[in-house]
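The chain below stands alone, shown as structure tokens; this is the form predicted on its own.
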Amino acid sequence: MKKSCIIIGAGLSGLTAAHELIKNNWEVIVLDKGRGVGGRMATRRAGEARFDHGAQYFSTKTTDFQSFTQNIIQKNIAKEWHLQEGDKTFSHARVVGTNGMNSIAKLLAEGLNIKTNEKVIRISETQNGCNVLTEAGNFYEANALICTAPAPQTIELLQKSEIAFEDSETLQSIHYQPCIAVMVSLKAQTNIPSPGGMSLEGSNISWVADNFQKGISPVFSATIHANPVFSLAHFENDLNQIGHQLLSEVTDLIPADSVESYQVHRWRYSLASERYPESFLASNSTKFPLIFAGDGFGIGNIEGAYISGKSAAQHLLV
């Protein structure tokens, strides 16, 4: 009989773990509370405009992730983005999704058993492993569980679950910074210098991007990321006012008369600023294999999420 695993979260960690298990003949189901896959590798549409409003790009350091990246570049799912900071060119190219960051996640999701709009609300032990209950009232059962949700959400879930839980202190050591993103539909191109992305200092904004120059939007659009301090201070404020304030700070780059409309999105767990040093955490307190993974583990960011998901799956295969 095949071994089976439930994976909570259809971001890069969860999708990578699923592929690693499936190629080793495991049965896998991936559950995600959102409407789609990718997590913070997110691309939104508004009419013809497209916006990368979560992760903007990624870099590669490890041999394994470099191989993965070259593969998706060859498939035209990703491409290099040669960013510059003033007169300085980055030492190596960043990588982006050809049609947006979410296109990478969608490729990985192909062929997987993924259930979206399924928020897990309780985990229980069974004779042969575990089962989970979702908010919609559905039960799923498997031999093992990999949880890739942000640590605070994981802690909340485990506190409501019917299992022994002794990993709270470790998970509580993982901290995240929030980010408020503004997606701007435009009548004209921005004044953001080529190739269309730049970080800002000395303001409430950490990053602006021209999605048209980036090559993901067929029409003019821009993305603004507020810095963590501003995002935390204004996280619960009126979204329209937040968008208006942030736009007013970049009129030199995004002229006010070019703005057609805008949307605002709040990322509560945008960046894992304090991470668990290892690439995953295997619980010692449950009778079934329970592993925690995601970008809050190891080196963080997109590459860290990939490594974490793959390492978590490989731990189950030992």
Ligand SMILES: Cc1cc2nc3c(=O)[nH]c(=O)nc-3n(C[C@H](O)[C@H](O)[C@H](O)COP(=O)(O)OP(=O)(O)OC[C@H]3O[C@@H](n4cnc5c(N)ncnc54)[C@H](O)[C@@H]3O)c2cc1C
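Predicted model, so just to flag it, every value in this text is computed and none were measured. One rule holds for the numbers: they count along the sequence shown, beginning at 1.
Although it is not shown, the form predicted together with the ligand is what the next lines describe.
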- Message: Since the partner isn't included here, can you check whether the ligand sits close to all of Ile192, Gly196 and Pro218 in the predicted complex (heavy atom within 4.5 Å for each)?
- Response: no
- Note on the structure: With a 4.5 Å heavy atom cut-off to the ligand in the predicted complex, the contacting stretch among 166-174, 227-235, 117-125, 243-251 is 117-125
- Task: With heavy atoms only and a cut-off of 4.5 Å, decide whether Leu31 touches the ligand in the predicted complex.
- Result: yes
- Task: Find out whether any non-hydrogen atom of Gly54 is located within 4.5 angstroms of the ligand in the predicted complex, and reply yes or no.
- Result: yes
- Query: How about Ile302: is it within 4.5 Å of the ligand in the predicted complex, going by heavy atoms?
  - Reply: yes
- Query: Taking heavy atoms and a 4.5 Å cut-off, does Cys5 contact the ligand in the predicted complex?
  - Reply: no
- Item | Sole residue of Ala149, Leu108, Ala78, Cys130 within 4.5 Å of the ligand in the predicted complex, by heavy atom | Ala149
- Message: If the cut-off is 4.5 angstroms on heavy atoms, which of these, Ser279, Thr60, Ser270, Thr286, is the one near the ligand in the predicted complex?
- Response: Ser270
- Query: Heavy atom within 4.5 Å of the ligand in the predicted complex: which residues of 170-203 qualify?
  - Reply: Cys179
